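Take a look at this single chain, the form predicted on its own, given in structure tokens.
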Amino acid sequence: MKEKLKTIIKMGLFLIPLLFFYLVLIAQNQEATSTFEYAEDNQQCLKCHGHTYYNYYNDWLERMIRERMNPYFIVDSAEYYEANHRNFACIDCHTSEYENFPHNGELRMEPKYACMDCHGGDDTYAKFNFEQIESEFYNSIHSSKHSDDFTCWMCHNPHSYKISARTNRHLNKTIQYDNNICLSCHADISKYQLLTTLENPNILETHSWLPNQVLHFQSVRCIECHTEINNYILVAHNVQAKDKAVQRCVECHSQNSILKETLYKYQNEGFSYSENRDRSLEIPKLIGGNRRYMLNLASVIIFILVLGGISIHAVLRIILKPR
């Protein structure tokens, strides 16, 4: 009897933490659902599109069928509810006909909204200067070379895009987030060849001229060297042709570093462009970023004096050498 009692107690001690953990998960899930207005409606879509597999009842076979979801149609619900569009219902952007299952095959040809369809001409988003972003995009090599085939969604996934990743104080996160956008095409041959049949160039080989590649890739964004600087938008969108990319070290490694106008420009919260642009920023981690003119001059003078001393010494040795 005592042994059974001990066993029950041990099982209870083991199950109580699991039960507590389960209740916490339920509470968090309910809190997340109540936070977003359309979470319950969206769940009707995400119960299939939020998973690798989905189930449906086949009327012909009269049984439940388990199918694999097309990976390109999977929406990570955790990412979605952290993204900018988290407060939207799926049918705000997709036709309500998707509420019927199975979906009509013609719905695949449904046109997608562009950013300016919602953000254009709206005073709420005036500080982002979307009109200027659109103008820059149309001037970029991406748009001019690929025309209508290259859209905003090629870089910005509407289900996971987070502008907060570019406005926080943690530059390493901003760098990683932005570079992953570029690498989603330039390091993925399947996506790259949606636009061209050319072979995707090897990033490491095309940047072989760059010293210490790993450190550079971790410390700066691709757009620092591959876009035309614009002081009035958060992130430059005028991507230049490769022959116009920055390849001079002094462009970054100097007191007038271009990084002050790009990567380090918005290290403070908010979008007061002129205030941040005019502020003299120190870049302590950047070689040459806090260079001092007088220290450079003193170094040159010392070098000249040392070289002069060695030269005078050598000349005197030659002249005074015993014959």
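We number the residues from 1 along the sequence you see. Everything numeric in this text was worked out from a predicted model, so none of it was measured.
The same protein has a further form, the form predicted in complex with ligand HEC, not shown here; the description that follows concerns it.
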| task | Would you check, heavy atoms only and a 4.5 Å threshold, whether residue 249 touches ligand HEC in the predicted complex? | result | yes
Query raised in the report: in the predicted complex, does residue 151 have a heavy atom within 4.5 Å of ligand HEC?
Result: yes
*With heavy atoms only and a cut-off of 4.5 Å, decide whether residue 49 touches ligand HEC in the predicted complex.*
yes
#### Entry: Contact label in the predicted complex: residue 196 to ligand HEC, heavy atom within 4.5 Å
yes
Near ligand HEC in the predicted complex, with a heavy atom at 4.5 Å or closer, the residues from 140-161 are 141, 142, 145, 146, 150, 151, 152, 153, 154, 155, 156, 158, 159, 161
